[in-house]
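First, one chain by itself: the form predicted alone, in structure tokens.
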Amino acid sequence: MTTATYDEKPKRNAIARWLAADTMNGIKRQRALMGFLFIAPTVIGLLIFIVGPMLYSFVLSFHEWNVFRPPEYVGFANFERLAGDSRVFVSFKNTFILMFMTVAILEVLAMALAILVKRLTGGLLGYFYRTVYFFPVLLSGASVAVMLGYMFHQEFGVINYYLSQLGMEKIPWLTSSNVVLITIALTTVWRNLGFTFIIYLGGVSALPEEILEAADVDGAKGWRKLWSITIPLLSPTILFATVTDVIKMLQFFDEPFIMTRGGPGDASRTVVMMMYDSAFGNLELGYGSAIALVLFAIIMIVTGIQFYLSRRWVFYG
């Protein structure tokens, strides 16, 4: 009797371990299932509203379709037409000019404001400045474009009114091909500054204090400290902010579409506006899809170049 009981103990222990392992596997499976259920709405939304339309747009770029008749396969005809369309090249030129102006102003101004807010404010005052700078991000691009479009009006705008009070001539902000891109860039900077500012503020707040204090002890002050210590430490944040802003600004649409309709002439027409006009204005959905595909390829190339060049100037502590 004693021997039988002694022999059954290892069996009972093995069964207990098997049951415990099976219970743990069941718990892991339940947690994995719950995780999949939680992310399912996002994944389904991405597949339906982003991935699906992207794939269909790729297929449609090789067809001619005006909605009223079935799509007709035309091969690379849309891309050949695009290569010879001077208006498309003008729209790409305008888009890149706007992107360079906007991103340059955004990065410099957002970084400077983040450093100043971190150093000079604290407590409630710090939260106040963060809220004030971020507030325009909450506004829709359409409402901002309408509001600033009235402000920049040559005859009735408040900006030219105050310039005339100072004895200056009224500036044709929206009607001069030499000024209109600057106007749109300033409008876009005002609306998007808060988002980039928050990114840089997070990066500045995460800087290691011991390194900054060591720099102060070594006598690094002012511009020397900023250029040699702060900016290298902020380089991952600069990369992230620059990449996201470049991708966003290569898709200019709201401000130029509402403020100028691409005018005067095509002076402020962007690639996305050209794509919109072709697909929904002229019902040339195949040609509009070809423009969208080329823009997507350019965004991917520009982003890849940014990440490639970042290996030389981004430092991960």
Partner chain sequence: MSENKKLSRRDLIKLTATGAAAMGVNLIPGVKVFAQPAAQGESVTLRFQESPDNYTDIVNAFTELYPNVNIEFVSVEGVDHAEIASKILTQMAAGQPVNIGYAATEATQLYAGEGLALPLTQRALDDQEEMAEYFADVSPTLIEGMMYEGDLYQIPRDFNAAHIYFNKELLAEAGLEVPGAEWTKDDFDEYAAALTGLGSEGDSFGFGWTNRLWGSWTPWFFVNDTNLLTEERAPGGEAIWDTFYADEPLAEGRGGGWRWPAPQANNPAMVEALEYVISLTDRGYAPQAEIGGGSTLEGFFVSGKLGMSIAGGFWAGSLINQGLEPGSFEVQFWPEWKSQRHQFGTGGAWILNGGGGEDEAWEFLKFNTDPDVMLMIPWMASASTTPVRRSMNTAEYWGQTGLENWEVFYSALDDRPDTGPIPAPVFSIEMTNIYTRFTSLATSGEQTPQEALDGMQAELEALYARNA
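All values derive from a computational prediction rather than experimental measurement. Numbering follows the first chain given and starts at 1.
Beyond the structure shown, there is the form predicted in complex with its partner chain, which is absent from this document and is the topic of what follows.
- Heavy atoms of no residue among Val204, Pro232 and Thr244 are located within 4.5 Å of its partner chain in the predicted bound form.
- Between 69-77, 236-244, 95-103, 124-132, the stretch whose residues reach within 4.5 angstroms of its partner chain in the predicted bound form through a non-hydrogen atom is 69-77.
- Within 4.5 Å of some heavy atom of its partner chain in the predicted bound form lies at least one heavy atom of Thr260.
- Although the partner is absent from this view, Asn282 contacts its partner chain in the predicted bound form, with a non-hydrogen atom inside 4.5 angstroms.
- For the chain shown alone, Arg87 is a contact residue for its partner chain in the predicted bound form, at least one non-hydrogen atom being within 4.5 angstroms.
- Mapping the unseen interface onto this chain, Tyr150 counts among the residues with a heavy atom inside 4.5 Å of its partner chain in the predicted bound form.
- Residues of 146-165 that come within 4.5 Å of its partner chain in the predicted bound form, judged by any heavy atom, are Tyr150, His153, Gln154, Glu155, Phe156 in sequence order.
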